[in-house]
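Consider the single chain below, provided in structure tokens and representing the form predicted on its own.
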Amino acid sequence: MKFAFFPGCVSKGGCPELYQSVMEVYPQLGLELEEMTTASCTGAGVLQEKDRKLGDMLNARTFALAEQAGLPIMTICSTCQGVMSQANHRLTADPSYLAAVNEILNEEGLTYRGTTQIRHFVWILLEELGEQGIRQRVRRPLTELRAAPFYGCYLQRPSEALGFQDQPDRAKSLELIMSWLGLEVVDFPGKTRCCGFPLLTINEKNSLRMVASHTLDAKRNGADILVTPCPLCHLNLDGMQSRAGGQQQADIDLPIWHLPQLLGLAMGMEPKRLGLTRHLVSTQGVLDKLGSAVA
């Protein structure tokens, strides 16, 4: 299984432990990755609010590069996945719009024919490896941990752009994979709501209130950790958790994990190799509970 790998901006910047952990686990999964080093940012939905066509053109360029290589795209960021899926949905649903975008791409010698598939790493685990493929790679089931999933916004809606009609299990992909790793899944109402990151610079108070609401809710329901497939959600839920707790006069202390870190740990990898020392909310208590010491 070979993919054009689109790591996105945040896994190379604010959350380097996500990129690090993906690099550790993917060879053990039978995946081949060809990193897209010349692709641009997706626009993260922010650019699209100002100029949708410009945002779609930038994403169409990325799709054309993957199409030229004959590869589907693998993302590791829910925001990237959601923005790219929506752009691809608009482009392939309207031939005249695609033609207008291609007029711009042609200046670079590129044309997008509308054939590129874009799939999040979580969906690839679900649909390509499946339960048997995941379970057979687990060397150390994480049965001692209770984990709450946090999808955020972009990996759940709009469902028609995300292919839920053809792949309905995508709506519960995190829960399924976490259970295959041996974790006890903790459900809570906020798992598909916004983390508050888009509000951080314009309404910090409400953003912090959202961080506190989600993390406290998950913890009160018995979660030892929160697991997210989105590095932007991770930035807010991990990085702003201390301030959110101060705002609510609560000591939250809920570690926020990337799914590839859990996968690598279950596959027997050392915590340090997976970037588990890089989090602001310490993961050490969780590792102690598992009997794993950070080297």
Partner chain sequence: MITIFRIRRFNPETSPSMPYFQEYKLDTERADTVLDALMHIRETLDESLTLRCSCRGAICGSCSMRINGHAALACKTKVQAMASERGVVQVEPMNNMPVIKDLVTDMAGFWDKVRQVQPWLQPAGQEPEAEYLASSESMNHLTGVMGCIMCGACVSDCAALEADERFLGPAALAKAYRFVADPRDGAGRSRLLALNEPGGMWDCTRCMECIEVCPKGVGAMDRIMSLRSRGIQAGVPSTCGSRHAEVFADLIYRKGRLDEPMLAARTFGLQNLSRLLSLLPMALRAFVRGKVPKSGPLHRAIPGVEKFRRLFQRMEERP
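Numbering follows the first chain given and starts at 1. Just so it is clear, the structure is predicted and the values come from calculations on it, not from any experiment.
Only in words, not in the display: the form predicted in complex with the partner chain, which the text now covers.
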query	finding
Candidate stretches 209-217, 141-149, 180-188, 116-124 - the one whose heavy atoms come within 4.5 Å of the partner chain in the model of the complex	209-217
Sole residue of D169, E131, E128, E103 within 4.5 Å of the partner chain in the model of the complex, by heavy atom	E103
Proximity to the partner chain in the model of the complex, single hit among G268, G45, G30, G246 (heavy atom within 4.5 Å)	G45
Three-residue site V10, T38 and P198 fully in contact with the partner chain in the model of the complex at 4.5 Å by heavy atom	yes
is_contact(L54, the partner chain) in the model of the complex, heavy atom dist at most 4.5 Å	yes
Partner proximity in the model of the complex: D94 to the partner chain, non-hydrogen atom cutoff 4.5 Å	no
4.5 Å heavy atom contact, P158 to the partner chain in the model of the complex	yes
Interface membership of E49, the partner chain in the model of the complex, 4.5 Å heavy atom rule	yes
In the model of the complex: members of 173-196 within 4.5 Å of the partner chain, any heavy atom	T192, R193, C194, G196
